[in-house]
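Starting off, we have a lone chain in the form predicted alone, written out as structure tokens.
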């Protein structure tokens, strides 16, 4: 944000009373371009939308559930409907804030945002993807939503740079292609390491841009692989799986497809994220086992 704002004097930051100390440098350097509206998410969206109508390029930031579900009506009518270039940032999507309960869970944020016409929806998997993708959002003429982690998420290696609207290849493989979005990419890459002694080598693509979907790469994968496995820390509706399934059906494409993700249910019990991932079958061992099943099934035919 500081780097982007230093190169564009119309960039401003609007927060719903979150991010203390994280944005001290931004506030110190850019003063009035930092706006804290308090614990008032609807007002945060109103403020960002009003600034956008006056030529500003505002970023509105809150915890993912508070940045999407709570002010959804304001986003719909004040940002998406007029097509304003507001960048919405949701921190800690999926179950990153799992122990805080359902109010802080954001396993439906992609569904909410992809339902809005003209909204670009981006779920980076590591800090480096955030660094690469955030500046690209300011080149758009319409609204966008991007997620970020909480703190301490590891960087990972990739074979390609992160380009808005294009699936990013993380590693080469054969037979099985794993498509993931968001921070769950780290679990997928751990699964790849687990599978290496078994000589099972899936290809991995990080689909950071859920909308618009990279249909060109998806078409190539359907033609090149026997099985697609979609991994997401999201409910079945409205996420990456839903986008891929809709594209396959709409284009008459046939390929063996599996989904690993959260169920159509609230995650109760204030469990830690690692435990929820284990129960929902989206931790590294579960992903590795799904790849093994797909690999064996292909070889048996």
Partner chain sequence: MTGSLVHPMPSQPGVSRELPYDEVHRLQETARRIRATCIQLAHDGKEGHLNGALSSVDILLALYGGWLNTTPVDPRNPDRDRLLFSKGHACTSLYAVLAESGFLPKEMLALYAQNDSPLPSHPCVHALPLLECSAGSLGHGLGMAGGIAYGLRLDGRPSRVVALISDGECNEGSTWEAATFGAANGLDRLLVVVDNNGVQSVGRADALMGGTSIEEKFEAFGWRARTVDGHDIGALLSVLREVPFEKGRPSAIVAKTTAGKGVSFMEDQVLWHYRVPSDEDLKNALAELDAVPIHFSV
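Positions refer to the first chain, counted from 1. Here the structure is a predicted model, which is why all the values come from computation and not from measurement.
This next part talks about the form predicted in complex with its partner chain, which is not shown.
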*asked:* Check for me: heavy atom within 4.5 Å of its partner chain in the predicted bound form, for each of 33, 50 and 53, yes or no.
replied: yes
*Among 132, 217, 186, 74, which has at least one heavy atom within 4.5 Å of its partner chain in the predicted bound form?*
74
_Can you work out which of 249, 40, 271, 237 has a heavy atom no more than 4.5 Å from its partner chain in the predicted bound form?_
40
_Close approach of residue 82 to its partner chain in the predicted bound form, 4.5 Å, heavy atom_ = yes
*Distance check, residue 46 to its partner chain in the predicted bound form, heavy atom within 4.5 Å*: yes
*Looking in the predicted bound form, any heavy atom of residue 10 within 4.5 Å of its partner chain?*
yes
*asked:* residue 210 versus its partner chain, in the predicted bound form: is there a non-hydrogen atom within 4.5 Å?
replied: no
*Can you pick the stretch from 261-269, 228-236, 53-61, 241-249 whose heavy atoms fall within 4.5 Å of its partner chain in the predicted bound form?*
53-61
